[in-house]
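In the block that follows, a single chain appears as structure tokens, in the form predicted alone.
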């Protein structure tokens, strides 16, 4: 596993997440989210640009002044006025961007690559007067010709910024493409590399992981993956991806807070946590098939690559259905203080299966049947 010894999460619920269709965080909610993310242990918290609105500017100043362990960033256009506002409102870092693909350059600012570099140099030289981290990102990285990308990144790296950013702005990239482009950038810059990937093509988590494998040091995530359109790599999903490989990769985070984070954001934006959500979904640690439940009861690691207790969750073994096995029936009997022989458990399972063919069962039906066998 070719991963950097140290990587950082740039948590952008308060910037990218603000662009989610139903998101409209109040100032109080922004402070609550920032404190919760800091308690979870993310290294960076990214906020909306202070140029977005007067309240956005005031909230940036407030959150930057909270004394959080996480560094507070703000996402700005590569524009001198935005940079001044970021500095004046106490941002610990600026994440500036410029559209570099032909499609966005035509539709957005109309500059050539050379003019773009000249503008960026002016803004960066201004920010460098202050104790503020600088990231420069090529918006729509993966529709930008590689030669243009490398020209821009070399110029930015030469200015001594902390990192360059690669943004899959429209969610078009594949994991192989992300790996190849990040490796190419890694070969021409000495600064850190940040990756921001949208999920339009369903590859946000895989792309983020590929970026890390290729040498990226910072990965953008948001709670539940909320953001523009389909959003970006979700915090929980990326944590799951890393934890399935080696739990030491996520040991520094307060993983038991993940469920609370997901529920809080779901409540704030008015959505339900998907049933199959990574780690926190209702069925994330549910087992049903007889063959699976037998193995899980013997050794949870047989069908669980993640330990639910590590995340403050519990596994469930469903028994009220036609797929149940006698091992699951025997385990439920033990939970009720009933001791069944193997023959009794098998007989109870057979009867339960027959009943389940006739109607939908619930937990009370199972328990009633088991008490009958205990008599």
Ligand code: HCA
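Bear in mind the structure is a predicted one, so any value in this text is a computation, not a measurement. Positions refer to the first chain, counted from 1.
In what follows, reference is made to the form predicted together with this ligand, a form of this protein that is not presented.
By the criterion of a heavy atom within 4.5 Å, residue 137 is counted among the residues contacting this ligand in the predicted bound form.
Although the partner is absent here, residue 167 is a contact residue: one of its heavy atoms lies within 4.5 angstroms of this ligand in the predicted bound form. Not displayed here, this ligand is kept clear of residue 11 by more than 4.5 Å at the level of heavy atoms in the predicted bound form. Remark: residue 124 does not count among the residues lining this ligand in the predicted bound form, judged by a heavy atom distance of 4.5 Å or less. Only one of 174-182, 79-87, 196-204, 112-120 lies within 4.5 Å of this ligand in the predicted bound form by heavy atoms, and it is 196-204. Note on contacts: among 191, 255, 97, 240, the single residue with a heavy atom within 4.5 Å of this ligand in the predicted bound form is 97.
Within 4.5 angstroms of this ligand in the predicted bound form, the stretch 68-83 places a non-hydrogen atom from 75 alone.
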